[in-house]
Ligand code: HEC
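So this first bit is one chain, no partners, the form predicted alone, shown in C-alpha cells.
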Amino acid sequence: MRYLFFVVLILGCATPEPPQSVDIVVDDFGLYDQRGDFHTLYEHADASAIVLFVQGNGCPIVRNGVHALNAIRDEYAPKGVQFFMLNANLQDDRESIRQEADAFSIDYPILVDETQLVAESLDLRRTAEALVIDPKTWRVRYRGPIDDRLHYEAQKPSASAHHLADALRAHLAGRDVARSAIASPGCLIALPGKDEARHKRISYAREVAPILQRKCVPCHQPGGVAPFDMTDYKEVAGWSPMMREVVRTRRMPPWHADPHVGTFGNDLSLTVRETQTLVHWIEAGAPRGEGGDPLAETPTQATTWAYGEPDLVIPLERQEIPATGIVDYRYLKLKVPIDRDVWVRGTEFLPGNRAAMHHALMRVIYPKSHKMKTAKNRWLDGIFAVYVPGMDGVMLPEGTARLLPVGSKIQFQVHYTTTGRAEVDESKLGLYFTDSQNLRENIVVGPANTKIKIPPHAHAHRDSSVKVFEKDVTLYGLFPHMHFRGAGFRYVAHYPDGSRETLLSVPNYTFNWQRFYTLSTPKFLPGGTRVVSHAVFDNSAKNKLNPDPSATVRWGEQSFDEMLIGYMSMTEGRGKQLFSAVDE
C-alpha cells in the first residue's frame, strides 16, 4: 500500500490540475528564435492553423514528445499549419536553447520569450503544452498535451488518445474541437512578473515616464516625426493600448538590431526590464499614481541644433509633400559656400518637418582637381552625412574628420513620407569645422551588389556583397540599405586568421526605419579582412510593403526597385575614440 501511494505521488495523479481555459484571443507579438531570426505571430494570418508548443530545456516530457510532434507536423504542415515552439523559462537563454535544440534534433523555430509577456498573456503554467490558434479569429481552439503517452516519470509504449491531431483534424474540417482544454503534464514555469497587484503599484512618475523620456520622447515631441506627442500623462494614457501593441511586436522603439549581437552607442531598444515595466503598467490600466508629471514638467521642441550653432548652415529649397501616396526620392544639389578647403568634424541635419521627413543622405560632388580616395560612385563610397529619426547629429571620432575642398557641391537624397495632409519642409544642414592638425580622414564605404535579381513571389531570397580591406582599418558604424523588399541584413567579418565574427544582425529590417548603427567600441579590422553583407529579400505577398509580388526585381534607385548596400564608416589604421551621436 505504501508503494502504491509513492507511485501516485510521482505520477501526479492524486490531485490533477484543472485544464487551462481556451477562452483567449492571442494578441500579436514579435520574438527572436534560437538562431536569431525574428518572427511575429500575425505574419502567419494566411496559415490554416498555428501550433505553439511550449518548450523548456531539460524537461523530459518535452524531449520525449518531440517525435510525436514531428509526426503531426509531417502530416499537417502540407495542409498549411504553421508550427512553433515557445520558451519562457527564466533559466534558459538563447544559446542554451540552441544547444538543447541541436542535441535533441529540434528543428522548429523556438521563440524566446525573454520578457515572459507572451507566456503571461497566454496564462502558461507548464511546458509540453500545445496550443492550436485559429488565424481567422486569433482564438485558441485547443490547449493541452500532444497525446496521452507521457506523464511524470512514466510513459506508455504508445498513445491511446491523440489530442492534438484530433483537434487539428476537427479545426481544419470546420468542426468544434470535442475536447478543447485538457490538463497537460509538464515542467512548471516560474513567472515572477505575473503579479497584478504589483503592476497596479508601478509608478508613472518614477518608473514609466523616465523610460518614455529616454526611448520615446526623442520622436514623440512637438515637431517630431511621431504621429502623437508624449507631452503629459493624459496623452500617454490615451495612447497606452497602442503602445502595448507596438512594444509587444517590437515595432517600437524603431530599433531592429538583434540585441544578442554587438553593442551600439545609439541603441534605442527597450531592455527586458523596461519592456516589462511598460506593458505591465499598461495592462494594469495605466494608473496615474502619486508624484509629478515629468513629461509635462520638461517640455521639448525638436527645432534646435543639438551641438549649438554650426560653423556653416546650408538651407535646402522648400519642398512640398502631398497628403497621401508614395513619395519618390528627391535629389537636390547645392554649392558649398566656402573659400578654402575645410575639415568637417561634425554634421547635423535639421529637418523643417520631422513628421514628413523619413531620412536624408548627403554626398559630396568634389571638384575635378580633387583626388578621391574611394570609388567614383559617391552614393556608395563617400556618404558625407545622414539623417534618420532619433539621431540627427554626429560628431566624428577625435582626431578624424571629413575633407570638404573648395569648389565642392553637396547633393541631398531626401525621402519623405505622407502624413494624411499636405506638408511643406524647409530643412537645413549644419557643418562643424575643425582646425586640428594630423587628422585622419573618416570615410564611408558602401560595398554593393548591383547584380541582384529577386524572383517573383520569393519569400526569402538571399544575396550578398563583399568588401575586402587591403589595409588595417578601424570601423565605427554600419548602415544597411535595402528597399521595400528588404527583410534581413547581416554583416560578417572574415578575418585573415580564418576566424569570423558577426558585427551586426538586423533580422527585422524595415525600410521605413533605416538606421545607422554606431558601434559602442570601434572595431579594428586587420588588413586582409573580408566583410560580407548578407541580405534577405521578401518579394512575397506577405510583405505588406511589396508593391508587386509578381515582379522580378533588380537594382534601381526607386523604392520599388531594390538595392543591397552595406555601408560602413571607417578610418585607415587603428583608432581609439567613438562616435558622439546625439539622439534628439
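So that the term is clear: the rigid core is the largest set of C-alpha atoms that superpose within 1.5 Å between two forms. This is a predicted model, so every value here is computed, not measured. Start at 1 with the first residue shown and count on from there.
As for the form predicted in complex with the ligand, it is not shown, yet the points below apply to it.
- Query: Which one, W239, W138, F469, F511, lies within 4.5 Å of the ligand in the model of the complex by heavy atoms?
  - Reply: Of the listed residues, the single hit is W239.
- Heavy atom within 4.5 Å of the ligand in the model of the complex: which of G346, P109, P397, P254? The option sitting close enough to the partner is P254.
- Message: Checking a candidate spot here: are P78, I133 and K542 all in contact with the ligand in the model of the complex (at least one heavy atom each within 4.5 Å)?
- Response: So, no: the whole triplet misses the ligand.
- Task: Look at the stretches 228-236, 402-410, 173-181, 138-146 and give the one with heavy atoms within 4.5 Å of the ligand in the model of the complex.
- Result: Contact-bearing stretch, as computed: 228-236.
- Query: Do R515 and the ligand come within 4.5 Å of each other in the model of the complex, heavy atoms counted?
  - Reply: Within the cut-off, so yes.
- Query: Does the ligand get within 4.5 angstroms of any non-hydrogen atom of A119 in the model of the complex?
  - Reply: Close contact is absent here: in the model of the complex, A119 is far from the ligand, nothing within 4.5 Å, heavy atoms only.
- Message: Would you classify I321 as touching the ligand in the model of the complex, given a 4.5 Å non-hydrogen atom cut-off?
- Response: The answer is no: I321 has no heavy atom within 4.5 Å of the ligand.
- Message: I'd like to know if K215 sits close to the ligand in the model of the complex, meaning any non-hydrogen atom pair within 4.5 angstroms.
- Response: Judged by the heavy-atom cut-off of 4.5 Å, K215 is in contact with the ligand in the model of the complex.
- Message: Once you overlay the rigid core, does the Cα of M357 travel 2 Å or further between this form and the one not shown?
- Response: Yes.
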